[in-house]
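Let's start with one chain on its own, the form predicted alone, as structure tokens.
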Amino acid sequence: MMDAVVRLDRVSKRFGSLVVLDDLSLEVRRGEFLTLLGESGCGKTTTLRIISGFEEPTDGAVYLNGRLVNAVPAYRRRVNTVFQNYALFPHMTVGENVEYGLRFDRVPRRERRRLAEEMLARVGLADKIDRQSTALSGGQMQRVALARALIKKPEVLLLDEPLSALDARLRKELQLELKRTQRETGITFVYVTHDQEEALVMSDRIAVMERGHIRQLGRPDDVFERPETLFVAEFVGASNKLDGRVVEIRHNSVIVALPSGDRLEAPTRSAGDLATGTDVRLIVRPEHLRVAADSSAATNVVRAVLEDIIYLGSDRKLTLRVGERLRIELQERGDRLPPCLGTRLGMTVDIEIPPDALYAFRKGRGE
């Protein structure tokens, strides 16, 4: 196992009566791309600022390479930050912006220029070294900010929603570029975002945060496919929600009755201490649902009314109503759907839900 370059030990942060971080512990492995994912106000940016030294924890300890750094100022930590607004100096050229931090290390001018050329080549902007930074596009500015941070060879690079101001196409391009740069340099990245897809695409591990706590920490596939809490299941990726009540406990599963009268079996892997009579929320990803070709031979079937079909090229997205108030979506290849579905909105359809695709959580319990 890789050693931890950053360790937060029971860190809390309060601003007056407002608790932003609550007894949070986290280890960031050397050379990994770790993403802090969560909604606005969950504490992810505050966590980043505490690692960088821009904020001091109210309680707890911060370690860099095993050294306690609570009292170490930001400028003395081998940590750099890339901000959402780029923070480039408008009166400087691209090269001067990238070289800026090396001046304080008394690196000779010719060497600074050489290192800036190398770093700008890495981010695909070698030909812009003498251009004024104000003449660049948003994506180019973000690359310059990244080059400026990387040229100092920090042990940890902190990135605070650096792509959020870019358009969707450019954001996707820079996601892959950031991940490639991280792998090539071997520098530890700690990345903050509220964008679930961004986190899944880029990260070695994801820490899903809510109200100052880490609700789940793991590989992207673990967080997506095996959520440990209701909050993670609902927040990460598209999900269908089916509310019901536990009516039977079996050896490795629970039977849940929906308001529509349908009954579904869900594994107890996520159910915990559920008992008969408990109100629960079932979570299932749209891609795991199927239109049942033969409902008599299928298991875990709900009856639904087809409300809409959206064309997505080779796929179709179906919106269906279960009972009076529950709605679900499924996504399926068009050639797997019965031909009659395209012309019969309002028809009754049997939807098969594999038991292994269901997660059961106590309703209202996110932890």
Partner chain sequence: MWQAKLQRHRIEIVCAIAAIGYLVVFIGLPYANVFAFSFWEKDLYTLRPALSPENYARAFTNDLYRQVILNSAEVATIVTLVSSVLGYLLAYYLAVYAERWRNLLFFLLIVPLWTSFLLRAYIWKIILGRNGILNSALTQAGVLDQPASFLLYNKFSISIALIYIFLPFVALPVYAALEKIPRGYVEASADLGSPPWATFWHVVFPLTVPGLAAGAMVVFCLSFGDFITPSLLGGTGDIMIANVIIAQFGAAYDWPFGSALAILVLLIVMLLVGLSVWIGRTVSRGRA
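Residue numbers count along the first chain shown, from 1. Being a predicted model, the structure only gives us computed values, none of them experimental.
Not pictured, yet referred to below: the form predicted together with its partner chain.
Is Val280 near its partner chain? Define near as a heavy atom within 4.5 Å, in the predicted bound form. No, Val280 sits far enough from its partner chain in the predicted bound form that none of its heavy atoms falls within 4.5 Å.
If you check in the predicted bound form, is Leu88 within 4.5 Å of its partner chain, heavy atoms only? Taking the distances in the predicted bound form, the answer for Leu88 is yes, it comes within 4.5 Å of its partner chain.
Report yes if any heavy atom of Ala116 sits within 4.5 Å of a heavy atom of its partner chain in the predicted bound form; otherwise report no. Heavy-atom contact with its partner chain at 4.5 Å: absent for Ala116.
Report whether the minimum heavy atom distance between Arg250 and its partner chain in the predicted bound form is within 4.5 Å. Arg250 lies outside the contact set for its partner chain.
In the predicted bound form, which of the listed residues (His194, Arg211, Lys152, Arg245) lies with a heavy atom within 4.5 Å of its partner chain? It is Lys152 that has a heavy atom within 4.5 Å of the partner.
What is the one choice in Ala165, Met92, Val72, Ala121 with a heavy atom within 4.5 Å of its partner chain in the predicted bound form? Selected residue: Met92.
Tell me whether Tyr63, Gly66 and Arg205, taken together, all sit within 4.5 Å of its partner chain in the predicted bound form, counting heavy atoms only. No, none of the three is in contact.
Tell me which of 103-111, 260-268, 186-194, 237-245 has residues with heavy atoms within 4.5 angstroms of its partner chain in the predicted bound form? Only one stretch qualifies here: 103-111.
For the stretch 32-58, return the residues whose heavy atoms include at least one within 4.5 Å of its partner chain in the predicted bound form, in the order they occur. Arg49, Ser52, Phe54, in sequence order.
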